[in-house]
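Consider the single chain below, provided in structure tokens and representing the form predicted alone.
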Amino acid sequence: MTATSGKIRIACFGGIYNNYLALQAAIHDAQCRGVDALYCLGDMGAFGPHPNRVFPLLSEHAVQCVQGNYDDSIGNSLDDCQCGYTDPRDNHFAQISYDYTLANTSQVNREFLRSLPGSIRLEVAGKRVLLCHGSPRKTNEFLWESTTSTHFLERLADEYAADVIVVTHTGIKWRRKLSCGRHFVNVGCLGRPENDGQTNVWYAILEFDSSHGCQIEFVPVVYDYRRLAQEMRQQKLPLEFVAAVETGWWTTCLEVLPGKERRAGQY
């Protein structure tokens, strides 16, 4: 997309994690809001049931996708998800999720994941926009609000020639205004709640116009989480995963959280 005038609005979805029900609800919501384009920042698989149900939705609604670490691993049949965890418990559950997703993703969809670009660059209303997964420099880099300095984000914007950097990977939304009208945005994810005790998930809408620059709105997505939990049980996925969907509290992948983000959760 290259647009130099008028108001342009794009919807950005983070990690879907096989949650086709939330993806369907988010696409519908974004279309009702009149967005001009839909983007997914990677990690189609992981965590949830029925991986192949995500891909027809992406295709039917022309969602443009970035390759996340999970997508690279599934597409190339690697040994693990390249999620970047260091804790043995986190890696244990990550491996269960990865093995299930790899076994249940069709060859055609693996080829699609393998073909995805590592980033997408846009020029919108005079702003250089960079869409990627974890960070511009590393697909599986965790950038948290509490531990990422503004100075570091300014340096990323300089080094990668971007006015707006948009990422996901951590599963928790946040944004930071930078100098010269620049922005860093983590859009959160659609795959599971963000460790806040709520069952909804999140995506972001970025609005650009030449007069006001970039405006960012985080949008909650209400979907049939009870159905998702039931299907997860039927697929014999870990009950810890099911509990996160039903309660809104993370039960796994906790060790990667910095102190502030972890203290906001129940565990």
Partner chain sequence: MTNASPPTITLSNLDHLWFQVAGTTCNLTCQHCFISCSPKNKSFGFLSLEEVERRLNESIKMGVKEYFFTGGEPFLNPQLTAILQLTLQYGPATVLTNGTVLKEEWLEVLRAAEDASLYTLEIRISIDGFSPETNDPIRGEGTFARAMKGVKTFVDFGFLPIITIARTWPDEEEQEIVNRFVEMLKETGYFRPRLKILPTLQIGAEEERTRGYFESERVTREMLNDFDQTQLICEHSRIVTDRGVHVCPILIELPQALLASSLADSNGGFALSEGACFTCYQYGAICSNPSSSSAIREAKPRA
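Residue numbers count along the first chain shown, from 1. What you are looking at is a predicted structure, and each value in this text was computed from that prediction instead of being measured.
Omitted from view is the form predicted in complex with the partner chain, to which the following refers.
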- Query: Any chance Asn140, Ser146 and Leu257 all have a heavy atom within 4.5 Å of the partner chain in the model of the complex?
  - Reply: yes
- Item | Segment that reaches the partner chain in the model of the complex - one of 71-79, 99-107, 155-163, 123-131, heavy atoms within 4.5 Å | 155-163
- Task: Using a 4.5 Å heavy atom cut-off, state whether His151 contacts the partner chain in the model of the complex.
- Result: yes
- Message: Given that the partner chain is not shown alongside this chain, does Cys83 nevertheless sit within 4.5 Å of it in the model of the complex, heavy atom to heavy atom?
- Response: yes
- Message: Please determine whether Arg262 contacts the partner chain in the model of the complex, using a 4.5 Å cut-off between heavy atoms.
- Response: yes
